[in-house]
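What follows is one chain in structure tokens, specifically the form predicted on its own.
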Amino acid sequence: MASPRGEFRSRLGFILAAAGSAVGLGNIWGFPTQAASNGGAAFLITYLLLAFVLAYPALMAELLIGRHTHRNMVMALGSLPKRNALASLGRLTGIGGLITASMILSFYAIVAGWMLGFAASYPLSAAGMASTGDWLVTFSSPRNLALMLLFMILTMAVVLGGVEDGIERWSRRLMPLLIATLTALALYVLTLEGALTGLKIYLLPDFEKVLSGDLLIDALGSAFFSLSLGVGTMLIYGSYLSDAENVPSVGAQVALVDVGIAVLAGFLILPAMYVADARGVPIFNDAGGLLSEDTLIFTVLPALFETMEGAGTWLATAFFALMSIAALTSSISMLEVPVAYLIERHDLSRRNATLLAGGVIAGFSALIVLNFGTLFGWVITISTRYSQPALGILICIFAGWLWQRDALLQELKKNDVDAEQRLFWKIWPLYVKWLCPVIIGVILAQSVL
């Protein structure tokens, strides 16, 4: 028998859960390094602008479709068009989102497992278990498999609890912990030698790069991907949102929290990189650019922590725990996409749906681990560079072209009788119909070309 549909108990619970879905590893390690490579504050300003010009309207498309239908992605998109052929396209788009979310989680679980390994290795080594600590940070198939499975078990344990007692409950615990840890680490790092150099690079704009095509494309991509759009995570969370909530308002708060955490991460990562540089740890490649994000996280920062003696152990543990929390708040939303489909379309219990979806994704992730050189980069490219923006375009088309305006207006009037007079109604329908698909199309074209 299928499990009953859940619903977020409070607005705060929804905002923390949705922001947790959006806040992932990319916000914390990707955004700051992209800012440093693209004109510092010039990139920051462009990103903030595009986050609300592009990402917020696309976010609203997913949230509104989800809240209107109160269904999983496949059934939600299939129910919007009135013609059978377009309904079939909606269901296919939903299945594409389900597959893409599962693919992203399959490689994400591997990287998140590394975060867990690094977080545990430092206190274990300090306690005299150096061989275990070394094993946890040394690349190997057995270590990658074990840590991936551990992370998937944690993700499945949260999703098993359902919307109220699983996703909302843990989001209310993990998100404040993430923000507090990020803030404390940033404040501490800013006291170290070299931190001000990184801070200047982050906050002083190089306006010459504003005219660079690379800056605009990178900022577009960061704004879109930072809100976890295109794969149904926001749609499924929107479907658990009460009809009494004002969706444009809560959507804006989700976007603000997500963007705020990404910006806050810049006050940690950029100063930490230049603290490492001041201590003789290389942070630039042969061409003079910053090292790639994964190298910075798994090579540069550990080398920095080693130069800090006792304080380095606790700083490293806190940092990789922070990264693990960010990964977990995102992964639970990705797993919920196929779980909701299995519950509602195939009448499975939440327990069976979670075990089936989590088991299949873990199995595919294990296949990636055992064929790492061949599959890891391929899965990332297919899911994030091609599939995710393509799905984002289709969702905007469904919201802007195939969802009747009268039905959309009635959805907004559920909790705002004057919705027709609001600026949101006057701008958003046309915006999501015309501008969002074009802008996301630019991201997709850049990825392909």
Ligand code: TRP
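Worth saying up front: this structure is predicted, and the values here are computed from it rather than measured. Start at 1 with the first residue shown and count on from there.
There is also a form predicted in complex with ligand TRP; it is not shown, and the following applies to it.
Using a 4.5 Å cut-off to ligand TRP in the predicted complex, not one of G78, L235 and F398 places a heavy atom inside that distance.
Of the residues given (F320, F225, W170, F305), F225 alone sits with a heavy atom within 4.5 Å of ligand TRP in the predicted complex. This chain is drawn without ligand TRP; in the predicted complex, the residue among L229, I201, L241, V163 with a heavy atom within 4.5 Å of it is L229. Annotated contact segment (heavy atom within 4.5 Å of ligand TRP in the predicted complex): 103-111, selected among 103-111, 140-148, 264-272, 345-353. Interface residue remark: L16 is not counted as part of the site for ligand TRP in the predicted complex, having no heavy atom within 4.5 Å. When contacts are judged by a 4.5 Å heavy atom cut-off, T33 does not count as touching ligand TRP in the predicted complex. Using a 4.5 angstroms limit between non-hydrogen atoms, P389 is distant from ligand TRP in the predicted complex. Under a 4.5 angstroms non-hydrogen atom cutoff, ligand TRP in the predicted complex lacks L12 among its neighbouring residues. Annotation for 330-363: interface residues with ligand TRP in the predicted complex are S330, S333, M334 [heavy atom within 4.5 Å].
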